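One chain comes next, on its own, written as structure tokens: the form predicted on its own.
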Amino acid sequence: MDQMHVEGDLDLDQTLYSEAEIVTRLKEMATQIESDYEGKDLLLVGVLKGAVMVMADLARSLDRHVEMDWMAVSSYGSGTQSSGVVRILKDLDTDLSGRHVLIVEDIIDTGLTLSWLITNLRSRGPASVEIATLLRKPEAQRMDVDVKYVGFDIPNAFVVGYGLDYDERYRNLRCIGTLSPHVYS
């Protein structure tokens, strides 16, 4: 789905990043990841559902073999604010002992969910745990989270597209845009 399908409904206030800009940035991140993990086995851990598009394009941009696994955690209901309560909806199938783990996220806003996730994964004995995210909202952060790879820093606005949703809508939008408040208010 491209932006013309939602802009006609006035659901987006503005487009922040086009599909081409996103793919280009993910390729740049992949180049850095390849360099940093040269000679090491790498396990990408995608955070469902939002990171599906990011993880797919990041993995395809890597010129190396990687393993992938998925975890689903939730601190959102159908609203636009983090609840701060984290639930595991789907756990990993892979043993992390001695593994180099790269968590792949779509967005980091408050950092509450990710802080919890990092603690949880580090307790499983990996060699390392790092984070790659397509988007980060520095103004919204309430927990200090060390993110090694950041695609774009964005303003503290509600965004959708490229895996990001509002009430399970807009995930397949090829760009990232700010959602008009009339949609969620």
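Quick note: we count residues from 1 along the sequence shown, nothing fancier. Quick caveat, the model's predicted, so the values are computed rather than measured.
Only in words, not in the display: the form predicted in complex with ligand 5GP, which the text now covers.
If you check ligand 5GP in the predicted bound form, you find a heavy atom from every one of Asp109, Leu112 and Ala157 within 4.5 Å. Among residues of the shown chain, Glu19 is not one whose heavy atoms approach ligand 5GP to within 4.5 Å in the predicted bound form.
Remark: Lys137 counts among the residues lining ligand 5GP in the predicted bound form, judged by a heavy atom distance of 4.5 Å or less.
Ligand 5GP is not shown here, but in the predicted bound form it comes within 4.5 Å of a heavy atom of Asp165. Checking 112 to 120, 55 to 63, 144 to 152, 38 to 46 against ligand 5GP in the predicted bound form, the stretch whose residues place heavy atoms within 4.5 Å of it is 112 to 120. Compared with the form shown here, the C-alpha atoms of Asp167 and Gln141 sit at least 3 Å farther apart in the predicted bound form.
In contrast to the form presented, in the predicted bound form the C-alpha positions of Gln141 and Tyr166 spread farther apart by 3 Å or more.
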